[in-house]
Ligand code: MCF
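Presented as C-alpha cells, the chain that follows is alone, the form predicted on its own.
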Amino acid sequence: MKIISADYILTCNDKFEILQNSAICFEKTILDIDKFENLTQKYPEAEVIELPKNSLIMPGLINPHVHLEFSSNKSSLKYGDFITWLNSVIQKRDDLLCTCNDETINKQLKIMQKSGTTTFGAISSFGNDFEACYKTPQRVVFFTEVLGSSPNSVDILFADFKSRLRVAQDNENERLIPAISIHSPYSTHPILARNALDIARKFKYVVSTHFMESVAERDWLDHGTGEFNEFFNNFTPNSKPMNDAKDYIELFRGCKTLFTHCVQANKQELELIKEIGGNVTHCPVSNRLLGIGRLEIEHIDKSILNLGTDGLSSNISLNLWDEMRAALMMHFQADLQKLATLLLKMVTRNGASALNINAGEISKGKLADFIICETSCKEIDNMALELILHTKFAKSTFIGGEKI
C-alpha cells in the first residue's frame, strides 16, 4: 500500500475536477483519495511518496488506435492524398514489414511509456507486433485484424485470422487483452466480417474498424464510383461495393466497437454509431497527412469521442501530447479551454470506456494507472490547456500501482 501526494490531482472524471494539495492511497487499484494528512492517519502502514513542488497526478494516457507494424517508416510513403498514400503502402509494405523488428517496435513502445501512455490498442494485421506487445509493461488491447475482399479466399483468410487470434487468446493476462479488428467496409468481405464478429460477441471482445476515412470511400460505398473504382479494378475487374455504410454499421450491433476516423461519415451514420453503443476514434495528424479533411467533432456526442495516433505509416509521433497539440490547431474554431478539457478526457476516461478498461480516472476502485507531470500553472481554469501546450513526457508512470 502506498500514498502519493501532489499539488494537483487532475481526476479526468465527468466533472473534470482538479483537486489541490491532495493525495491518493493505492495498491493495484486506487483505494482512497483525501488530504495527505487524513490518508496518513487512516493508513499509517502505507509507504509515503512525496512529490516535488508543482507536481500533478493524472490518469495514464490511453491510445486506442496504433499500428505498430509499420514503425520503421520515416520517408517511404507518400502523403497528401489518401489513394496516393494507399498505393505507396501497398508498394512498400513488404520492405516496411521486414525492417520493422522487435527492436524497432520496442523503441516506439518506450517512447509511448515515457510520454505517459499506460494503455493502447494495437491494430495487428500480421501478428509481427505480438511479442513486443506481450512483453511491454503497458496494458495492451490486442486487436487481431481480419481483411480481404475476395470471396474465393474467405475460408483461407478466416483460418489465418483465427490462428493469429488464438495466439492472443492463449497468452491473455491482466495486461494483454484479445480483441478483434475488421479492417474496413471496402477491404473486408461481409462473410469474413460476420464470422469474426460472431467470435467477438461470443467472447465479449472489443472491436475496432476503420470507417469513412476518405472521400474515395464515401464515393465507393454510396455509388461504386470515384478513386476506389479504378483502385479495385486494377486487382479485380468490374468490382462492386460489398456494403453500404448503414448496413456496415449494423454489422457491429451487439459489439463494443471503435469506429476510427469517420471524417466523411454523415449525421445519420454518426447517430447510428452512437445508437448501437459505438465510439469514434479521432486521429487528427493522420487525417491531415492523408488529406482526408477534418472530423467535425463539434457535431459528435463528446462522450463517444476518443483520440488515437494511428501508426507511423501516417504519423510522425506516437506521443499523445503531440496528437493533442495537433488537435488544438486543427479545430481552430473551438474554444481553446473547452477543447483542451475535451482532449484530456478523450485520452483518459473516454479512451478507457472505449477499450472497456477500468482506468482513465483518478477515482476509487479504478486501476492505479497514473502519471506524474509537472506544471507551473497556478490557475485551475487554465490548467488543461497549459498542460497540453507544455508537456512532452511524464516525469514518472505507474501501472497497476507499480512504477515502470
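Since this is a predicted model, take the numbers as computed values, not measurements. Numbers for residues come from their place in the sequence shown, where the first is 1.
Below: the form predicted together with the named molecule, not depicted.
When you look in the model of the complex, the only residue of L318, I297, L290, C262 with a non-hydrogen atom within 4.5 Å of the named molecule is L290. Of the listed positions (S125, N195, S149, S239), a single one reaches within 4.5 angstroms of the named molecule by any non-hydrogen atom in the model of the complex, namely S125. None of 219 to 227, 82 to 90, 248 to 256, 323 to 331 except one has non-hydrogen atoms within 4.5 angstroms of the named molecule in the model of the complex; the exception is 82 to 90. With respect to the named molecule in the model of the complex, the three residues H65, F70 and D310 uniformly fall within 4.5 angstroms at the level of their nearest heavy atom.
Remark: R201 does not count among the residues lining the named molecule in the model of the complex, judged by a heavy atom distance of 4.5 Å or less. Proximity of H183 to the named molecule in the model of the complex falls within the 4.5 Å heavy atom cutoff. Shown here without the named molecule, the chain has only E145 in 126 to 146 lying with a heavy atom within 4.5 Å of that partner in the model of the complex.
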